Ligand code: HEC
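Next up: just one chain, as structure tokens, the form predicted alone.
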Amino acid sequence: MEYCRIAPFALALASCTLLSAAESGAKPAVTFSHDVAPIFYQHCVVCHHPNDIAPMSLVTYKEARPWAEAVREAVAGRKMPPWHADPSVGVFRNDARLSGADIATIEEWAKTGAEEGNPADLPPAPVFHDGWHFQPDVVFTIPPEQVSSAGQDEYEYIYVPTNFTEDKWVQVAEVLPGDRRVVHHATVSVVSADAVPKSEAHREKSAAGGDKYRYTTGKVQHLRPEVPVVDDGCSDPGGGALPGEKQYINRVPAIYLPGHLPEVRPPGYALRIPAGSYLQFQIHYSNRLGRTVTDRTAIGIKFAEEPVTHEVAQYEIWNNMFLIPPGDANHRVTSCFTLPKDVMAVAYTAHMHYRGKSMKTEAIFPDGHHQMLYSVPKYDFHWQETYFLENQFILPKGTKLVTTAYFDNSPNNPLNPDPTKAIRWGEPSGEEMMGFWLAFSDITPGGEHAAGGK
């Protein structure tokens, strides 16, 4: 009887409590299916899905739940998703950063038990195609390449014919390493059929003894120690390039670097592959597995589906003459390049090796005003992005591009192979490079093959 008297009171109290919570606007629980999965699917699973570069998948609740706290810490500290451009300099269409609201949602989910919620709320998961992050229209794969561990660092140049009978326009492209364990990086460039034997002959000559400025060991090149030191490329007539060499234009549909995702060009912007061209795969192999393995690196291409108004190419601007002293924790190197024509800026890429610390590029316009184009204050060798501009803009003829890089050759750099060595330019990762790449188009739409002009 006592129970019967108490039960109605308890039910009434519970009802009032629920009504009060509803009236007060209490938020429903944050769940994986309803709140977190949409964020992961848009920003994270491009890498965090099975058999891709991330160490774990976040596609399903079962896969994501054990990592809830680790994910919370990574996104709260803005370590994930990786993005290294200074947010106060430039606006980029491939900016991977999460919004404050997305971070708050993930934090709340992890802190309140990381619940699954109703599986019916789960949106469709992205579909990935055999390792690609988009669906290619065509794939070109190198012949089986035997990668020996004897040399550990090797550069191979492999030519694959496109057999295109007409010019093709590349909107999206991605390089997929055949064996991620040994492919350190790869650059795919467009070359004409008659350039292939010339390039092969040049490399054979270099391998036999190098040239005035470089020497070769195995299949990698190094700078000769007697080459004059030019840390400040802006003080040198060549801007940092080797004497007699020029900063050059290249047509690169895509590259593979640690952490690099597909090259997605803005609507109306595309890279041309002329009929009959070859694709040059320059692949840096770094095999420390202790055995020979077979690589089948490939490039996937998606053609432009709308009219192309701007042909894209890129300037590759280097300082190849610097020297980083032993133990120097903040060594400054610059390069300079003056644009020989009006161009439309499309994207930027910074490239250094293990000792790379930061890089930024400033434009000095012909009228004297300065503009910082981009800044990477904490360069990460393991995650090298290309930064595609949200809004393309004109860099007029005569604009001076000043790139400033800092290197850490001290014992405090955990990636430093040997802080006791003076470091110069070299192809192995244990040596250094200092490059700024400007993807551009000519400002006149539809110019006859204009992007390749000097």
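It should be emphasised that the depicted structure is a prediction, and the values quoted were computed from it without experimental measurement. From 1 onward, residues are counted along the sequence shown.
A second form of this protein, the form predicted in complex with this ligand, is not displayed here; the remarks below concern that form.
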> Of Leu389, Val30, Leu58, Leu395, which one comes within 4.5 Å of this ligand in the predicted bound form, counting heavy atoms only?
Replying inline: Leu58
> Which of these residues, Trp132, Trp383, Phe365, Phe303, gets a heavy atom within 4.5 Å of this ligand in the predicted bound form?
Replying inline: Trp383
> Would this ligand be touched by all three of His43, His48 and Leu261 in the predicted bound form, meaning a heavy atom each within 4.5 Å?
Replying inline: yes
>> Partner absent here, but in the predicted bound form, which of 342-350, 227-235, 69-77, 172-180 has residues with a heavy atom within 4.5 Å of this ligand?
In response: 69-77
>> How about Leu415 - does it come within 4.5 Å of this ligand in the predicted bound form, if we only consider non-hydrogen atoms?
In response: no
>> I'd like to know whether Ala422 contacts this ligand in the predicted bound form, with contact meaning heavy atoms within 4.5 angstroms.
In response: no
> Applying a 4.5 Å heavy atom distance criterion, does Ala313 contact this ligand in the predicted bound form?
Replying inline: no
>> Is Val147 near this ligand? Define near as a heavy atom within 4.5 Å, in the predicted bound form.
In response: no
